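Heads up, the chain below is alone and in the form predicted alone; it's given as structure tokens.
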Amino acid sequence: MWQLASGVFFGWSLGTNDAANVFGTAVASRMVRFWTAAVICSLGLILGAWLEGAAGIETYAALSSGQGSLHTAFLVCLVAAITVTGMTWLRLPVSATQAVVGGLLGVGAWTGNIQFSVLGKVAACWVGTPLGAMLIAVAVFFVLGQLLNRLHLNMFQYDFGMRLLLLLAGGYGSYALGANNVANATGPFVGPGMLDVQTACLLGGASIALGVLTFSRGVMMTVGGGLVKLDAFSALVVVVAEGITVHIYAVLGVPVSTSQAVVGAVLGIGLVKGIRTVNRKTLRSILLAWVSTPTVAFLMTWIAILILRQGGWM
């Protein structure tokens, strides 16, 4: 059972980087307090993991099929956790999904058993996630804007309504996150048979929640305020678009990155408001992190297996 420690560590690192992104824009716009967001996010993602996390875990079980033992699952999660934690320290939103898939590919390169059909499905969704969130954000911006304009709210009603809607949207986004991303933390342990699917969902959800509560504030502020300056309405649009995007992929059983969904939605707002509102330096840093994450995880896994095999430990 000691191998499971790396899965819990990875779940924690995912929470510090990915999970709280569903509330990052609301917190950065000062419409929701950080601790309120963190608690609601934690509860929502545990519920989502428990009720709808099985599909993504089964996808990872298929991707890791034939790739070895619990020791390789331990190694994949440990490498992914170190990769994501390093990016979090740099205050960069990265894809935990890319980190764990990079690790699985590192193992697959050694065993010669890479499930290319499953990998292709996952990789295609990496591209579709930010693009889909961008398009959904643009649509939600105009539709929701029209609905609010017809209500003719005064300033106090508008402020109260925005705060309430941000809490509701963040709760939904957190639920979608748990349903989709719990597979990243504990999915690799289902294939080797250490965990059944339901136990993996609950344990993974709890470990992600712990990361949200302990170390997520820095990345929240990078995504919420560093890329595009958002007002309360724009923050609401981003959270709704992220939640819809990630939930769709959860139903399809493909773990994707909430960071990519949030950044795609934020860029959608930037396109509506004018491309000059986008902080290009921050965007370049985020894109670089997305490219480097699976590469670093793959190389670290490859080197770790080489060292372990030469030492006779694998």
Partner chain sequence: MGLFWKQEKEVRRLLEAYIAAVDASMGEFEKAILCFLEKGGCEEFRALDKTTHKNESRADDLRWEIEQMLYRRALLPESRDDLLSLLENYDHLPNLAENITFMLDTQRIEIPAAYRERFKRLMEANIQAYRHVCRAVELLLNDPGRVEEEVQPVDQFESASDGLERDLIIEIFRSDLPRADCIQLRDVIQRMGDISDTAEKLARRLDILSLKKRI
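Every value quoted in this text rests on a predicted model; they were computed, and no experiment measured them. Residue numbers count along the first chain shown, from 1. We call the rigid core whatever largest set of C-alpha positions still superposes within 1.5 Å between the two forms.
Not on display, but discussed next: the form predicted in complex with the partner chain.
Every residue of the trio Met31, Tyr158 and Leu167 has some heavy atom no more than 4.5 Å from the partner chain in the predicted complex. For the options Leu213, Leu148, Leu131, Ala123, the one in contact with the partner chain in the predicted complex, meaning a heavy atom within 4.5 Å, is Leu148. Only one of Val138, Leu153, Leu202, Ala109 lies close to the partner chain in the predicted complex, with a heavy atom inside 4.5 Å, and it is Leu153. Of the candidate stretches 70 to 78, 97 to 105, 230 to 238, 202 to 210, only 230 to 238 contains residues with a heavy atom within 4.5 Å of the partner chain in the predicted complex. In the predicted complex, Met162 approaches the partner chain with a heavy atom inside 4.5 Å. Once you line up the core between the shown form and the other one, the Cα of Ser29 ends up 2 Å or more from where it was.
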